[in-house]
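Take a look at this one chain, the form predicted on its own, written out in structure tokens.
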């Protein structure tokens, strides 16, 4: 039996980094940008062979002599080991898992988490077991810890549930419904975003200047709470203004970059309602909130500003009905 599954990427509209310190964050799934996993039996051999053709990588589970510096291979070992345990499988036949992703790695769009969840879903489907979203989210979070050190939990949550969420660590999860349709442009700076490094940098800054950093976190939290109201009301000028304000605070935290600032400025000068980094920062992608009148001009402005790639994503309820 051959089975396959997928998991989408995500964009954080407001609240990254502050969410690690107890503030809320607002995120949406990106169904047009997904990772895919296909599981099929192998006629001979033992264990599981994982092939990531996009990266030119092949990894075997269980691995021998695993390089501790190879986070990709370690992440796959962690993901598959935890998934097999959750599925109560002590032994599995020889399997092949083939991976493909539309999401560029290390760009703040949840590429690693999408691959993780696609694998978990594909293995569950292969064994004819239904895993609830909260179980999938928890399994993916264990891999997130390996990748990012002190993750907030927002990536695995929004991707596992595949719905817009208002997320606050330790609080009841809010799945948002009936969100009016809107459009994002996602522009790749071409610079890898090392989420683990950015999270650790903010942590060191917080340890050195807790009062200053906590004030910034609280301001980001207030913007995020206001952003939920604007999102649910479809008040796009207000949401855009809040995104711009959030970007300024993230820059104060030290997680922006010249490339991010250049793309943000290009988007805003072309008429975007708001623009900011999404994810860890220090590279990666920006998201720009646009309307029908400014979509094409903003996309062209981003390309002119040296965006490696620009995606148009229409976010609407039909994606997660």
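Positions refer to the first chain, counted from 1. Predicted model only: the values in this text are computed from it and were never measured.
This protein has a second form, the form predicted together with a small molecule, left out of what is shown; the following refers to that one.
Just one of 123, 220, 103, 154 comes within 4.5 Å of the small molecule in the model of the complex, counting any heavy atom, and that one is 154. Note on contacts: among 20, 310, 313, 305, the single residue with a heavy atom within 4.5 Å of the small molecule in the model of the complex is 20. Heavy atoms of residue 280 reach within 4.5 Å of the small molecule in the model of the complex, making it an interface residue. None of the heavy atoms of residue 189 is located within 4.5 Å of the small molecule in the model of the complex. The small molecule is not shown here, but in the model of the complex it comes within 4.5 Å of a heavy atom of residue 12. The closest non-hydrogen atom of residue 195 lies within 4.5 Å of the small molecule in the model of the complex. Contact with the small molecule in the model of the complex, defined as any heavy atom within 4.5 Å, is confined among 171-179, 221-229, 146-154, 81-89 to 146-154.
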